[in-house]
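For reference, the chain that follows is the form predicted alone, supplied as structure tokens.
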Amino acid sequence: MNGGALAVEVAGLTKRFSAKRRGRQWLTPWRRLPPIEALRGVDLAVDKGELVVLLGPNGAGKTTLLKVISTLVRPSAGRAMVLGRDVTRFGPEARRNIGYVLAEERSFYWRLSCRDNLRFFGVLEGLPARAALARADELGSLLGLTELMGRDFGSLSTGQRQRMAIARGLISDPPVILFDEATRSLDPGRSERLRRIIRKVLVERENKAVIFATHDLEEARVLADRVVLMRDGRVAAEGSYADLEAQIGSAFREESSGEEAEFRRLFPDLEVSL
């Protein structure tokens, strides 16, 4: 462990959402629906210079956990700390230390150029205008966006917009970076380049703490210093990918077992496995 406070420390984190009524449930409005538990007592510690991969099936709680850490969602119980600051009590201070890269970034201004978008978000994060512009051009070079910087954001392809979302998450050079399915819209070559940037530049050279959420098993295997396997809002296991490989495979097989059984019922003459 490095000296000083942990980059991210989560203890007993719980998040409940109110269930929305659907269909026939509106016929009995007096009946209270049980809340949806997205997180159930999650504990997690991430040091500076460490790359932790959150792995789990869809609905395991990965995105909710990242949203709580990034101050976007308030927890129902427990606490999350970023560099020693409680994200609930000291949200703005904690937020200044966090970069958050979403799978689908919708807050860009479509009629502004890519450069102006990044400069705007840099200033919003507290950078002087000239420094924000220099940082935007630096990230454009790093992420292969240089030729796109003068184009309107609205003219970009899905993959290009995703690279802009990555640049936005890095614009303030934060010490803690959260990636949520960051390679989902990227082609294989650029996915590989992003993984090298994360590992070689952000973690090894700049000593940043990175939490990378994915359900891509190969991505988790090649990236992680440590894998945190999540199931049903809980941490099911953590350790190296090699040590957890059997549990990881079991978690994903169980998640799809009901769908496979239904497929076999509907198409008994077809082989499911590819």
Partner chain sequence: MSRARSISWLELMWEFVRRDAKIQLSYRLQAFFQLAALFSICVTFFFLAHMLRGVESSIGTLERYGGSYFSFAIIGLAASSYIDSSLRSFSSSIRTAQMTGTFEAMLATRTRIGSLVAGSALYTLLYMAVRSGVLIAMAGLVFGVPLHLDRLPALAVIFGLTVTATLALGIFSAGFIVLFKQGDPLTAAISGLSWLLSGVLYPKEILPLWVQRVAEFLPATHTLEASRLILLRGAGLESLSGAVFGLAVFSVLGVPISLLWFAWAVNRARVAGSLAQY
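A quick note: this is a predicted structure, and the numbers were derived from the prediction, not measured. Positions refer to the first chain, counted from 1.
This next part talks about the form predicted together with its partner chain, which is not shown.
- For Arg231, no non-hydrogen atom is located within 4.5 Å of its partner chain in the predicted complex, even though that partner is not displayed.
- Its partner chain is not shown here, but in the predicted complex it comes within 4.5 Å of a heavy atom of Leu102.
- At the 4.5 Å threshold, heavy atoms of Thr158 stay clear of its partner chain in the predicted complex, well away from it.
- None of the heavy atoms of Arg195 is located within 4.5 Å of its partner chain in the predicted complex.
- Contact annotation: its partner chain lies within 4.5 Å of heavy atoms from the stretch 94 to 102 in the predicted complex, the single such stretch among 94 to 102, 183 to 191, 142 to 150, 159 to 167.
- Residues Arg119, Phe120, Phe121, Val123, Leu124, Glu125, Gly126, Leu127, Pro128, Ala129, Arg135, Glu138 are the ones in 117 to 155 with at least one heavy atom within 4.5 Å of its partner chain in the predicted complex, listed in sequence order.
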